[in-house]
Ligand SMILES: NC(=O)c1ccc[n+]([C@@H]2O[C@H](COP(=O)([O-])OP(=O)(O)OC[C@H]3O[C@@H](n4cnc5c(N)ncnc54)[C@H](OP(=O)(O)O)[C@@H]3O)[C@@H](O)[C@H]2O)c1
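There is one chain below, alone, in structure tokens, taken in the form predicted on its own.
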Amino acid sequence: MKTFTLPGTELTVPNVVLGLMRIQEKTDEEVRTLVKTARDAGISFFDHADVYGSGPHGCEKRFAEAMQLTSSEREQIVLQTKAGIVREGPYFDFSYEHIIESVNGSLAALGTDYIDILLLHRPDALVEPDEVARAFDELSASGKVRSFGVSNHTPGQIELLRKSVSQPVVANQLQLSVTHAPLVAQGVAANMQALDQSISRDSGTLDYCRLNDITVQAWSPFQAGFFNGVFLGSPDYPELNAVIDRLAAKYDVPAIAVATAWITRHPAQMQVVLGTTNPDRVAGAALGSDVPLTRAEWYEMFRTAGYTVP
């Protein structure tokens, strides 16, 4: 498993992360097996959010109840969580009060004294950057949160926050897979008239994050689109899957590892956030961390996923 120092922090992190948004109904043993599989594969970074689960902090509570981490075990992992979505609305809330309340709830649910990284979960159109800054300052000074980031934010939205927030924005969690890759695809086909791919929909988010040492965390790395099924094995992507299967045989890894490798091969040094609760898939996907796809192989996957390479 490849690791790196997360810019803006002192954390050594793997380039594959285990997301825990689907563990609410899992037994203690199932949660422990899932986490042990991840740890055995080199994954020491676990992603949560206050809205994951059937109730507030549901999956965070399930994780803590199942794992019963000792203080030394807690120090060996990175816990990341998110705040800002009010599911019952639905709406978004980046107010000082909501951020503080959410973090205190996450700390209690996770049974820990600190959160390694807190992300603002999807943009709040009514955000007041000074309110966010006040919350971040208080959480940082108290030691409750050690680092801060965002999720699904554009460069302009991050710049607006940075106008007031003094802490570095260390991560931006964004949807990315080989079949859902506008972050990458627009730049490849820039300035091509009448090609839909050439239209900028994200204001150059990936390049902005690279320029500002913000680590991109790729969520839904195996989804074909927005929660409409995976591309692996899908009859909708026969050419792509033929390429993936050939590369899986070449590198002696499962197909899911090749899908992971398409993201980890990118020089932006992104993290892949797994959402599966299947231990075998976690172990298989983690193998992609070290698969050295060539440029030709990377672009072949990109082309057969449906993107234009001029």
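Just count from 1 along the sequence shown to find any residue number. Being a predicted model, the structure only gives us computed values, none of them experimental.
Omitted here: the form predicted in complex with the named molecule. The next part is about that form.
Go through 127-135, 91-99, 146-154, 203-211 and give me the stretch that gets within 4.5 Å of the named molecule in the model of the complex, heavy atoms only.
Answer to the contact question: 146-154.
Interface residue in the model of the complex among Ser220, Gln167, Gln197, Thr112, criterion: non-hydrogen atom within 4.5 angstroms of the named molecule
Answer to the contact question: Ser220.
Could you tell me which one of Lys36, Arg265, Arg281, Lys250 places a heavy atom within 4.5 Å of the named molecule in the model of the complex?
Flagged contact: Arg281.
Report yes if any heavy atom of Leu232 sits within 4.5 Å of a heavy atom of the named molecule in the model of the complex; otherwise report no.
Leu232: yes, in contact with the named molecule in the model of the complex.
Residue-level question: is Gly288 within 4.5 Å of the named molecule in the model of the complex, judged on heavy atoms?
Contact with the named molecule, no.
Would Gln269 show up as a contact with the named molecule in the model of the complex if we use heavy atoms at 4.5 Å?
Heavy-atom contact with the named molecule at 4.5 Å: absent for Gln269.
Heavy atom to heavy atom, is Ser44 within 4.5 Å of the named molecule in the model of the complex?
Ser44: no contact with the named molecule in the model of the complex.
Sequence order please: the residues of 273-291 with a heavy atom within 4.5 Å of the named molecule in the model of the complex.
Read in sequence order, the residues that approach the named molecule (within 4.5 Å, in the model of the complex) are Val273, Leu274, Gly275, Thr276, Thr277, Asn278, Arg281.
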